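So this first bit is one chain, no partners, the form predicted on its own, shown in structure tokens.
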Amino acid sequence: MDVNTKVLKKNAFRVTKQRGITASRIRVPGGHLEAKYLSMIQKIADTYGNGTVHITSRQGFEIPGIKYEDMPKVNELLQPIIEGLDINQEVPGQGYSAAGTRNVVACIGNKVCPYACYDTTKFAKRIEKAIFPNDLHFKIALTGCPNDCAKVRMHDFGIMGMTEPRYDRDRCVSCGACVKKCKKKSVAALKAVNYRVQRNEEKCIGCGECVLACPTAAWTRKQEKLYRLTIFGRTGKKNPRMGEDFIKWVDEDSIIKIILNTYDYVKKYIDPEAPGGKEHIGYIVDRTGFEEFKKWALKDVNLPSTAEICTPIYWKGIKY
């Protein structure tokens, strides 16, 4: 069977090492789904695959062993999953509409984890809605707090939850629990002065350890959701490196606008001869310079007054 591999990959099927056999990639934005979809995935694997499912590193599923000629049937069975997960789709019934931008990854968030500052899955789905469908090679990950369980600094865009702690002097009993916890588990941004706690705002990373440690609720989380945005970390064989801080104490709307602006920047500067039409954004920034990227990224972005832009940025890592 003759197959256009570009079309196959755009439809979220993989070219495998076995001739005539493909694998279906199933996106799960934010890594959270209702359990009922697992039985649907099992049905596809048993009926058209080889009876196995691979859980990918990007929190999706991959069903191997599918024959090329069975792809339309698989797409029919994928439809209720795509609709149930509310994934953007150009043509209903014909599977996924893009495979370039990878599944948006997220830790479990504050629905379960006491350290998380926000609902990571909810924000991941919002980002998914804004960026898909798209064939450019973007990797985005979210984590609920600076513990970074989702390893966001290894992505093009890493989003860490931050909480701006609020201190009520009248509720404080000067027990020192918050100061001890901040020193032991965070960055020692708190100190006791005249039996009251002082917070070093420049040093604070917004982890919320003080809030969790306080027995009298003298420390509480600010209601506004703010984040640390890191950019252009990458793995791979060529010059892997960690992402660096771009903006601290930034809001959701600004993050989404920056990501969308970056799509425009990549379309302008991507190497037309890049293998597979894909090029990691970090390589483009290395070529154009950080200041050119920043000009594009911050276009029409209305940052909150709390935001702190880190500039200039220099990436460290292995050089070949």
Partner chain sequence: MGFSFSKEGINNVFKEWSKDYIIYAPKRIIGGGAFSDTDSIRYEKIDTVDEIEFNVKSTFSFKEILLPISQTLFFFTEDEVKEADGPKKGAIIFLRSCDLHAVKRLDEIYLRNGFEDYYYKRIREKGKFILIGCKSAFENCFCVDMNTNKIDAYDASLEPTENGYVMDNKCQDWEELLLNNSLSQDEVNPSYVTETKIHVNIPEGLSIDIAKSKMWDEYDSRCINCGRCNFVCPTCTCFTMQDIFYTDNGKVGERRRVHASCMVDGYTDVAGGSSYRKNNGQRMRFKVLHKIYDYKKRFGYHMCVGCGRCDDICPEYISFSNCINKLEDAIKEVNGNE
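Just so you know, these numbers come straight off a predicted model, no measurement behind them. Residue numbers count along the first chain shown, from 1.
There is another form of this protein, the form predicted together with the partner chain, and it is not shown here; the text below is about that form.
Colleague: Only one of 73 to 81, 229 to 237, 91 to 99, 164 to 172 has heavy atoms within 4.5 Å of the partner chain in the model of the complex; I'd like to know which.
Modeller: Of the stretches listed, the one contacting the partner is 164 to 172.
Colleague: Is there a heavy atom of K225 no more than 4.5 Å from a heavy atom of the partner chain in the model of the complex?
Modeller: Within the cut-off, so yes.
Colleague: With a cut-off of 4.5 Å between heavy atoms, is A130 one of the residues that contacts the partner chain in the model of the complex?
Modeller: Result no; A130 lies far from the partner chain in the model of the complex.
Colleague: Can you check whether N147 is within 4.5 Å of the partner chain in the model of the complex, heavy atom basis?
Modeller: N147 lies outside the contact set for the partner chain.
Colleague: Spell out, yes or no, whether the shortest heavy atom distance between C117 and the partner chain in the model of the complex is within 4.5 Å.
Modeller: Because a heavy atom of C117 falls inside 4.5 Å of the partner chain in the model of the complex, the answer is yes.
Colleague: Scan M154, V179, I87, V211 and let me know which has any heavy atom within 4.5 Å of the partner chain in the model of the complex.
Modeller: None of the other options qualify; the answer is V211.
Colleague: Heavy atoms within 4.5 Å of the partner chain in the model of the complex is the criterion; list the residues of 213 to 237 that meet it.
Modeller: Those in contact are A213, C214, P215, T216, A217, T220, R221, Q223, K225.
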